[in-house]
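Just the one chain here, the form predicted on its own, laid out as structure tokens.
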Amino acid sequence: MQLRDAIAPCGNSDVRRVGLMGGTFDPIHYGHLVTAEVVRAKFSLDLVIFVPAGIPPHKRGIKISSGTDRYMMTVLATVTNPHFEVSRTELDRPGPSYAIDTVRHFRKEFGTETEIFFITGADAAVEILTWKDAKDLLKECGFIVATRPGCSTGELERRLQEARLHSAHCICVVEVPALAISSTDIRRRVGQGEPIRYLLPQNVENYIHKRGLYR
């Protein structure tokens, strides 16, 4: 099911709609921001909440920047958009950061009258049925999966079709050109002294250099 087929039946336009965008954000870049804005507009979301991961389960043993640095970079990157907010819920919660815990946190905060959509990338979505309490998670919220242009979606669609059998909400796919930018490449560029301007907001670049990150 492609995005153009999925928007219309995806929820009730009369209720509040909130997107949750999880990620390590190490660092946050224009790919993340463009994804959030494209999804916000196409799905008529009232708010997109960026949720920096505390302890990413899929990155155990991999060195990442401190939660404080990643939170501050995310705040700096999103501050000019009135539809964006940043939450510390995963940073302040002990233990690994699981989507099911985060969604339940916001479900409790917003109540049942708000539609919640979890925004994620294709790489993570392919493994969605292996996530903690995946079947319960699929009953709690909708999913919006962002893909890169030219990315093969055959395996993704097969996995999402399987996930839809357990879902009480829509699971939609949207292509985002700016996802060609990656945090991994930005960290590599900084480490090798290469320019990162125009890959992420200027104030985030300034923060990286001021804090000496990725060197």
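Start at 1 and count along the sequence shown; that's the residue number. The shown structure was predicted, so the numbers you read here are calculated from the model rather than taken from an experiment.
Just so it is clear, the following notes concern the form predicted together with adenosine-5'-triphosphate (ATP), a form of the same protein that is not shown.
In the predicted complex, adenosine-5'-triphosphate (ATP) lies within 4.5 Å of some heavy atom of Thr147.
For the chain shown alone, Ala124 is a contact residue for adenosine-5'-triphosphate (ATP) in the predicted complex, at least one non-hydrogen atom being within 4.5 angstroms. The shortest heavy atom separation between Leu179 and adenosine-5'-triphosphate (ATP) in the predicted complex is within 4.5 Å. In the predicted complex, Asn203 stays away from adenosine-5'-triphosphate (ATP), with no heavy atom inside 4.5 Å. Comment: adenosine-5'-triphosphate (ATP) is not present in this chain, but in the predicted complex one of Thr78, Thr120, Thr102, Ser87 has a heavy atom within 4.5 Å of it, namely Thr120. None of His169, Arg159, His166, Arg187 but one reaches within 4.5 angstroms of adenosine-5'-triphosphate (ATP) in the predicted complex through a heavy atom, and that residue is Arg187. The partner is not shown here, but in the predicted complex the stretch 28-52 reaches within 4.5 angstroms of adenosine-5'-triphosphate (ATP) through a heavy atom at His29, Gly31, His32, Thr35.
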